[in-house]
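As a starting point, one isolated chain is supplied in C-alpha cells, in the form predicted alone.
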C-alpha cells in the first residue's frame, strides 16, 4: 500500500476505535441524568442504583476516550501536516474552546463520582447536567472541524498563501448546525440503546429472579423511550444532512445513492451495490422519485449525477453500502422502539417475547455499527478532498515511510485496550452485582448513600 492509503488506514483505525468511547461518553451522561431525575421525582431507589452503576461504566469508558482522543490529535499533526497548517491558521477555535468543554466535563464528573453522597439532590442534577453539557460540547466542537472540511468557509488560498482569514466564519460554516445536531442526537441514541442491550440481556438471564428482572425492565423501558426519541430525531436530522449534501457536496450524495445521470424525479436506491461498469445499482430496490424529494422536498428537484463530475472527483462507490447500512439500522431502531411502546403501553404486557428480547440485545451493537458506518461514509465520501474543492488529501499527507509499522502497532494497542475495557467492566460488575444494592434501605432526605 502507498503512504496515502496507509496514513488513511492508520488514522481511520484510530478514529474508528476512539469514536466508540467518545460516542458513549456523550450518550451515557444523558441516561444517567434521566435516571437521576426519575429518582428525585419518584424516590424509586432503582433509579438511584441505575445512575450509580452507569456512572461507574462511564468513568471506565472516559478513561479510554481521553488517551485515544489524544492519539488522534497527535496523528492529525504527524500524518497530515499540510492539513494542520490550514487548520492552525483558520480553524483553531474549536480546539481552543474544546479545552474548556473538557475541563467542565472532567471537573463535574469527578464531583458526581466522588461527592454524590455529600451534595444536595439539586447539586447532583446540576453536576451530571454539566457533565452532559461538557461532553456534548466537546463532541460538537471537534466534529465541527469535520464539518469545515466538507463546507469550508472563512478563508481563501491565493498563490499558495492563506488569506482573508475569518475564524468565526470558518467556525460557523454552512454545515455547522446540522453537523452539531447530528453528532449529539446520534450519540444520545447510541447511549440509550447500549443500555437497552445490557438490560435486555440481564432480563433474559434473570427471568426467575423477579426483583432483578423488574430492575432491568425499568432500565429497558427508559432506554427504549430515550432511544426512540433520539433515533427519530437522528432520522429527521439525516434528512437535513442529505439536503446539505445536495447543495454543497452533490457528488457525495450521488455516490451515496449510486446515481450516475442528472435527473429530476430521481429514484432512491435501497440495498444492492454500485456497479461502475454498468452505472447502476445491482440487486437494489428503487423507490421512484424519493431521492428528489429527499434532496429538495419536491419530486421535481433535479439531483446531479456522478457523470457531471470528472471521475477523479468521484468518492469511492462503496459509500452507497455504508449509507444504506446506516439508514437501515436507524430505521430498525425506530421500529424497535415503537414495538416496545406498543407492547408495554398499549397492550399493557410486562413480558416481551424472546424474539423481541433478542432484537433488544443486538440494538446496542447495531447502533454503534451505524455510528461507524456514518463516520466512514462522512470521511470517505468527501474523498479525494481533505478540504472540499480546496485541498486534496494526497497533497497534505506526510512523507514518512514508517506508517505501515505504526499501523500494525497501533492496531495491536487498540485490540489490547478494547479487551482490557471489557475485562475491567466485567470484573467490576461481577464483583458488585446489582442484587447486593437492590435491597438496601433508602437513606433519609433523598441522599444517595448507594455511592
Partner chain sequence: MTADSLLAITVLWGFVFIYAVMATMDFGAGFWSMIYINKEKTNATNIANRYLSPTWEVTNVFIVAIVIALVSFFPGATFILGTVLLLPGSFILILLALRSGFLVFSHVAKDYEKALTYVSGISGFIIPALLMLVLPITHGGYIEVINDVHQLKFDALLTSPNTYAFIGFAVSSTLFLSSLLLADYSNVADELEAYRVYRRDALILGPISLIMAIFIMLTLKNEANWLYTNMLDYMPYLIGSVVSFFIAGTALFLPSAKHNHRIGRPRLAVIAVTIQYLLASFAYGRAHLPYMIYPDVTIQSGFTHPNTFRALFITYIVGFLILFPGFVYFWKLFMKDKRYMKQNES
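Numbering follows the first chain given and starts at 1. Just so we're clear, the structure is a prediction, and the values are computed from it rather than from any experiment.
As for the form predicted in complex with its partner chain, it is not shown, yet the points below apply to it.
Relative to its partner chain in the model of the complex, residues 92, 95 and 168 are all within 4.5 Å by at least one heavy atom.
Heavy atoms within 4.5 Å of its partner chain in the model of the complex map, among the stretches 402 to 410, 47 to 55, 379 to 387, 26 to 34, onto 402 to 410 alone. Proximity to its partner chain in the model of the complex, defined as a heavy atom within 4.5 Å, holds among 288, 365, 353, 81 only for 81. Proximity to its partner chain in the model of the complex, defined as a heavy atom within 4.5 Å, singles out one entry of 104, 334, 327, 268, which is 104.
Remark: residue 88 counts among the residues lining its partner chain in the model of the complex, judged by a heavy atom distance of 4.5 Å or less. Not displayed here, its partner chain is kept clear of residue 393 by more than 4.5 Å at the level of heavy atoms in the model of the complex. Interface membership of residue 38, defined by any non-hydrogen atom within 4.5 Å of its partner chain in the model of the complex, is ruled out. Looking at residue 118, you'd find a heavy atom of it within 4.5 angstroms of its partner chain in the model of the complex. Although its partner chain is not shown here, in the model of the complex the stretch 261 to 284 places no heavy atom of any residue within 4.5 Å of it.
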